[in-house]
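Next up: a single chain in structure tokens, the form predicted alone.
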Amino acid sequence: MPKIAYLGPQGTFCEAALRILAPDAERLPCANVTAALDAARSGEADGAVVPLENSVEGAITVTLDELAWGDPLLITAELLLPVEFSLLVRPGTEMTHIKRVYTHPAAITQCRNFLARELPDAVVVAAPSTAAAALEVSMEDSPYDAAIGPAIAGEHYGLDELAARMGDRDDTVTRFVQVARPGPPPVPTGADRTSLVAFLRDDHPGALLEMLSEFAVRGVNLTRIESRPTGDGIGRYFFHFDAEGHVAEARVGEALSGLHRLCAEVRFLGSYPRADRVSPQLKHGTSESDFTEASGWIDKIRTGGM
């Protein structure tokens, strides 16, 4: 049975994602994203599941930076998990009893309308995580009357669900990724995503355009671009890319090779099945057969053929 680390404690959305991605795995809760990834790097765990981005809050920057700077890890799978918040209380608590609410800052942001409408006089306090909030509220001497978090947290800590689907948006999702120590990527499925990090060799006009052109001329669609500071001073950045396709495909492999020639460093983060199972729409001249035919044509010319 594999052991998979995740952002804990028990009852987080991350645990819910892990239950789907690796239902038979032994689960190892960790205090933060860094600890979960380090457990995978050290061999304490066989892999880790961590959040990468949220459709409302955006990128999870600690995950981006850990994947860019820490010892290499390979993304092997992803999951788009709907984020549904519940109001969790000790048994017997009613809405009129709630004076202090405890939850993660992201939940405060995403449940603002519910709180203003249903609990306008309640004090809302930021917690390290939604699961930590639920654990605190489950204690008899807790100064908090309710927690906002996933229903799974209520199950873990014996809390009642006083209200469900509290979020201001019904379509909020968080993208989680499963990582492992470096090795061969999963085999292509025809609906894959490739992730990488690219560091500029030097800062000059058109540097980002040059990187983007490596994808564009080969018909590789980018699904995400994130810039992150290198820490070397204001205005110095590196870039996270998500691209449609698999590194085993010629168009993606050639794009990565082009980046490798241009950049100071390119870190391959993985090619893995897309959670939404969307296959890329290839434009003329960018299919595998197109690249194979073109390669044969140039080989023929080099050997004196016509």
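Predicted, not measured: the structure shown is a model, and the values here were computed from it. In case it trips you up, residue 1 is the first one in the sequence shown, and so on. Take the two forms, find the largest set of C-alpha atoms that superpose within 1.5 Å, and that set is the rigid core.
If you look for the form predicted in complex with a small molecule, you will not find it shown, but the lines that follow are about it.
For the candidate set 47, 270, 245, 51, a heavy atom within 4.5 Å of the small molecule in the predicted bound form is found for exactly one residue, namely 51. Between 192-200, 229-237, 106-114, 134-142, the stretch whose residues reach within 4.5 angstroms of the small molecule in the predicted bound form through a non-hydrogen atom is 106-114.
Although the partner is absent here, residue 263 sits far enough away that none of its heavy atoms falls within 4.5 Å of the small molecule in the predicted bound form. For the chain shown alone, residue 14 is a contact residue for the small molecule in the predicted bound form, at least one non-hydrogen atom being within 4.5 angstroms. Residue contact with the small molecule in the predicted bound form: residue 77 places no heavy atom within 4.5 Å of it. In the predicted bound form, the small molecule sits beyond 4.5 Å of every heavy atom of residue 152. Comparing the forms between this form and the one not shown, the C-alpha position of residue 106 differs by 2 angstroms or more, with the core used for superposition.
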